[in-house]
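Only one chain is shown below, in structure tokens, and it's the form predicted on its own.
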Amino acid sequence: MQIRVINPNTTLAMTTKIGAAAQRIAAPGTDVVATQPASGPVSIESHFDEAISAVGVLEEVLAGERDGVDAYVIACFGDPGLLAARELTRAPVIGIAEAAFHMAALISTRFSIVTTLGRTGIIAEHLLEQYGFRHHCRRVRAAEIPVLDLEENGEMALNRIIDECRRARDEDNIGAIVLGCGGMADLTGEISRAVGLPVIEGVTAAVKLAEAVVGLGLGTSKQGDLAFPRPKAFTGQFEHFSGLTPTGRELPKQK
């Protein structure tokens, strides 16, 4: 099984870290390939950043279709381009926010999210509503650190995240914590030990869900709004999408 883990930003160090965390959790025989777009924002911290990065995500999915990828993970907590990516393939496409919410709800009746910035916390609140998990989440908290501090000032960032997780534990009456950034993919063990609660991070959760969906012989439905997009003309910088006809390749057979 090959899973393409797409970091929607263009910071190579973060892509490498995300890929390593994904491969460590993957089952024997699962090959994880971590990729990033050729162009786009170096970090994703706003609706604007998400909109720009979504095109790069779609380019990576189309490349994966040519390579016969079995499943995709979108490794940004805003899940940019998720539904559009699902239109392009029969393979499962898992966003890390949606995966983390599902996993947290399986092991606790209430969880809190600890993310990077307050403004991205608002985006997480929108996703909780969209995915139907608002009732399960007690609070969305922000450590107020820029995303790139996870790469450039790692110890300081980790300490601030742990402090916020402890406040969530002590104040929110929760059973688990969700980390709200793909750049936190390597921090779950250390944070869980420091806080004493289960800590869920979306990259690893998405990889295990992707393995499960493929193992069940399931994939993205092509009935209704997730059917392949209709071929049409595009202009300007998107002209290369003109006449796009996704492969429609068959799902991997269940073993």
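Note that the structure is a prediction, hence the values are computed from the model and not measured. The first residue of the sequence shown is number 1, and the count goes up from there.
Although it is not shown, the form predicted together with a small molecule is what the next lines describe.
None of 110 to 118, 83 to 91, 157 to 165, 125 to 133 except one has non-hydrogen atoms within 4.5 angstroms of the small molecule in the model of the complex; the exception is 110 to 118.
Checked against the small molecule in the model of the complex, the residues 147, 73, 185, 99 give one hit for a heavy atom within 4.5 Å, which is 147.
Contact between residue 206 and the small molecule in the model of the complex is not found at the 4.5 Å heavy atom cutoff. Proximity of residue 44 to the small molecule in the model of the complex: non-hydrogen atoms within 4.5 Å are present. Taking the partner from the other structure, the small molecule in the model of the complex has no heavy atom within 4.5 Å of any heavy atom of residue 177.
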